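Quick heads-up: it's one chain on its own, the form predicted on its own, in structure tokens.
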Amino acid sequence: MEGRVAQWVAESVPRLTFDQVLDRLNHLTRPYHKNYLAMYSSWLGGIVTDPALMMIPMDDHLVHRGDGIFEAFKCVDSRVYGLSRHLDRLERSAKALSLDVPVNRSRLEQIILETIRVAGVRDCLIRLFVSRGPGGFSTNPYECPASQLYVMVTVLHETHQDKYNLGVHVKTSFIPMKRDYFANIKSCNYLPNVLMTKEAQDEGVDFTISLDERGFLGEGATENVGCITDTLEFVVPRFDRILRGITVSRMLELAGVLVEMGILKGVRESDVSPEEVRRAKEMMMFGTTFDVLPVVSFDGHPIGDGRPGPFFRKLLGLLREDMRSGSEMVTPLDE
């Protein structure tokens, strides 16, 4: 017994003082920290660039209940793409959750752009979080005195060129879709999305796509899907059951040029069955970080001739040109 007590004493958990914690934070470095460039925290009241300080209180409802919303967008060549539309969607999500954004729209844009400037790079990924805030550990949202804002700027990792040249592989997912009400809110409750990403990696494919209870296509973990049908229409799953992606929504608008030129017959939202996808000329994934990727196989079946097709290249070109232009989608960082 005495030996066991002595072992317990030797293995007791350290009790740290405030100064000891600060000292440990000062020496706390991890390899992935090199990707963290800058963070604004309303809880701290400003911007920090030391990754060890990029923390959120444990009692923030965002942490222990997923009670918060977020957006992710990118800055390319010092141009923030889709900022206005991402903030529009953030406001819709906030309204659906009765969650107050702690600053007005003008101030929010100022904070985002200044945090990017502090990061000191021309290309980056920005994640914007609005939380219910700290104040307790129950499910009661009224225990939190004030909502909080966090803006995280990280390195934008380029998608490997092979994904564009050779295409990606997709399977249907076994993870149930979110119900309609929650599917249209970009909340921080992303457990199904995490499981879909795990599922894709475990299955050895690039993405998995959810199916609704009727067997129609939904969305990926963080991506939208679309196809060029055998009747030359650009079709995406209906947005009443899934999150309206900013990238794919803009792609639907830009594809109108191809309709005007007679290259496409039409553009529409619709129920999309796996059988329709297998008959499609092309299938594509749409997302913030990679823009557009060609799908060359779906559930083991080749799409088209099993290679990236001409419509993928046209759509990717339209989107990339939209990012370079002075369209309403672009917010210059240096203004």
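Residue numbers here begin at 1 and follow the sequence given. Model, not experiment: these values are computed from the prediction.
The same protein also has a form predicted in complex with a further copy of the same chain, omitted here; what follows describes it.
Shown alone, this chain has one stretch from 80 to 88, 251 to 259, 138 to 146, 160 to 168 that lies within 4.5 Å of a further copy of the same chain in the predicted bound form by heavy atoms: 138 to 146. Using a 4.5 angstroms threshold between heavy atoms, Asn184 stays clear of a further copy of the same chain in the predicted bound form. In the predicted bound form, a further copy of the same chain lies farther than 4.5 Å from every heavy atom of Lys34.
Under a 4.5 angstroms non-hydrogen atom cutoff, a further copy of the same chain in the predicted bound form lacks Pro102 among its neighbouring residues.
Thr231 falls outside the set of residues with a heavy atom inside 4.5 Å of a further copy of the same chain in the predicted bound form. Only one of the listed residues (Arg268, Arg307, Arg30, His301) places a non-hydrogen atom within 4.5 angstroms of a further copy of the same chain in the predicted bound form, and that residue is Arg30. Proximity of Arg15, Leu97 and Met177 to a further copy of the same chain in the predicted bound form is complete: all three residues have a non-hydrogen atom within 4.5 angstroms. Contacts to a further copy of the same chain in the predicted bound form (heavy atom within 4.5 Å) from stretch 53 to 84: Leu53, Met54, Met55, Ile56, Pro57, Met58, Asp59, Leu62, Val63, His64, Arg65, Gly66, Asp67, Phe70.
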